[in-house]
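Before any questions on binding or motion, here is one chain by itself as structure tokens, the form predicted on its own.
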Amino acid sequence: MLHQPSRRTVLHGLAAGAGVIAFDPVTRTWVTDRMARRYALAGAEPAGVPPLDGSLLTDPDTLAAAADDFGHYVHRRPIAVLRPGSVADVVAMVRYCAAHGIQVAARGQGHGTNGQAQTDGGLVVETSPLHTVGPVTNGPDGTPTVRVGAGAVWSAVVRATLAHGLTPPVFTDYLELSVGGTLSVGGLGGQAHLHGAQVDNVTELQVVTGTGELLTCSATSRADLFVAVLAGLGQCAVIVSATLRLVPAPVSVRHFLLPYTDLATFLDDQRRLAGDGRFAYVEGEVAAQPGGAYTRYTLEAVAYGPPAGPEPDDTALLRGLRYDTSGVVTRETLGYFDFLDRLAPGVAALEQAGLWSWSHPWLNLLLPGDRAPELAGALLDGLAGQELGPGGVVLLYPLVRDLLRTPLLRAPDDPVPYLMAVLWTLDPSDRAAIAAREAANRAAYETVRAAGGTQYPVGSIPMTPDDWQAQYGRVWPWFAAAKRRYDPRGLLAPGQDVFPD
């Protein structure tokens, strides 16, 4: 329940960013000097905060944590943090904020890199307590599904579904991200060339709109809201649960790392694999040569074994691929979860070394396939001689446009677009280097946009509302109308800077 201090401790001098905050245990009201001025201008008295099953936190440590993210260089301090004990808490506090014009940002694992889940002087809703993973059931069409809380991380979801021999079809490479977080941006991974993005594998959502209304939506019920929330950057509603489609899971997988020396050949073989479906997972990585040029290409491909696929045949799987046979070719058989969770040891090492808290001004772009060799080549040339930092990596891999069916996940109009991600790790004390990287990200985005590309909105590219309008193109008027319909006061997800205040 909401903590109620004694009358002797009604006033607390807290570093809340908006001034001293007070709690009256009789009226159950939290008041800051900013809110007091707001109410005074309106000629009204503040209404009481509703009773909660969880906690409304205003201590300095909690506020400081909510003012940070994986980028570790944008800091917007909220006035309070809701740690909900139930979905009803989210409904109650969003309604309270809607009544008083207070901005609201939903936060899962805080893995955004540019303040996307932050709010200055508003309320942050932590979704992590909403982490339930329900039983596996069959949908109306017989497809197995599972309903999970928005705060559940993907590692917990797949552990639960594997007990039934099932798995979500698509994963981001890092499993410790929340379901609500990745569904808000799209959710891309190496399986997307077969199954689309994570948002393309959702059958139903439960959400809280910007007016505090709890609604269930799907492709057949409140379809406009369903479409507005999936990859909608949190603009129209807070996801509180999602029902996910499941497919048969393999027991083990066959994992290949194939070296290439030529960018065009590397991309062309990836395109071939995206089209013929021989591998269940296709990604790629680019690394620097000892001299500093980013010309070491590695194609990562995985074939699923029984019962999700046939027993892998190395000869058939590698037939026709033009990798460098004189280089180091890795072939190994892994347990399915071990493959999905393969980044965990590296992340643990970075955390132990204190490097996980370094800044991450990431660049994430979607390149039109017909321009991918030219665009990727130019971007990689621009990286020559630059260190990406501890754990930094360049990813480059294909998608299939026809399978990306969610309208707000904006991808180039090309049959096989490519995701290019430059995942930097920089010393957070070097503000000049971070600012320079953001400026370079912006320049790269403008180049790719001019060629018909888009950005995948998890990175650090300074964007204006006009940029967002260009990003969404023909669906912008519809998206803006949905924002007005479901968040009429424009209070949700202000850190994304999609819509003007």
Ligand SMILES: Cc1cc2nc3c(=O)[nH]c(=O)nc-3n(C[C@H](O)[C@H](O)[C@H](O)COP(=O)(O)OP(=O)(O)OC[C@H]3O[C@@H](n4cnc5c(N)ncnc54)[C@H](O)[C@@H]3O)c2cc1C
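Computed from a predicted structure; not experimentally measured. Start at 1 and count along the sequence shown; that's the residue number.
Although not depicted, the form predicted together with this ligand is the subject of the following passage.
Student: So in the predicted bound form, does any heavy atom of residue 111 sit within 4.5 Å of this ligand?
Tutor: It does: once this ligand is placed as it appears in the predicted bound form, residue 111 has a heavy atom within 4.5 Å of it.
Student: If you check in the predicted bound form, is residue 362 within 4.5 Å of this ligand, heavy atoms only?
Tutor: Because a heavy atom of residue 362 falls inside 4.5 Å of this ligand in the predicted bound form, the answer is yes.
Student: How about residue 356 - does it come within 4.5 Å of this ligand in the predicted bound form, if we only consider non-hydrogen atoms?
Tutor: Yes - in the predicted bound form, heavy atoms of residue 356 and this ligand come within 4.5 Å of each other.
Student: Should residue 336 be counted as a contact of this ligand in the predicted bound form, where contact means heavy atoms within 4.5 Å?
Tutor: Flag for residue 336 set to no.
Student: With this ligand left out of view, which of 94, 228, 372, 188 would have a heavy atom within 4.5 Å of it in the predicted bound form?
Tutor: Contact with this ligand in the predicted bound form is made by 188 alone.
Student: Which residue, 298, 209, 425, 172, is the contact with this ligand in the predicted bound form, using a 4.5 Å heavy atom cutoff?
Tutor: Exactly one listed residue reaches within 4.5 Å, namely 172.
Student: Look at the stretches 322-330, 215-223, 94-102, 114-122 and give the one with heavy atoms within 4.5 Å of this ligand in the predicted bound form.
Tutor: Going by heavy atoms within 4.5 Å, the stretch is 114-122.
Student: Though the partner is not shown here, which residues of 229-246 have a heavy atom within 4.5 Å of this ligand in the predicted bound form?
Tutor: Heavy-atom contacts to this ligand in the predicted bound form: 233, 234, 237, 238, 239.
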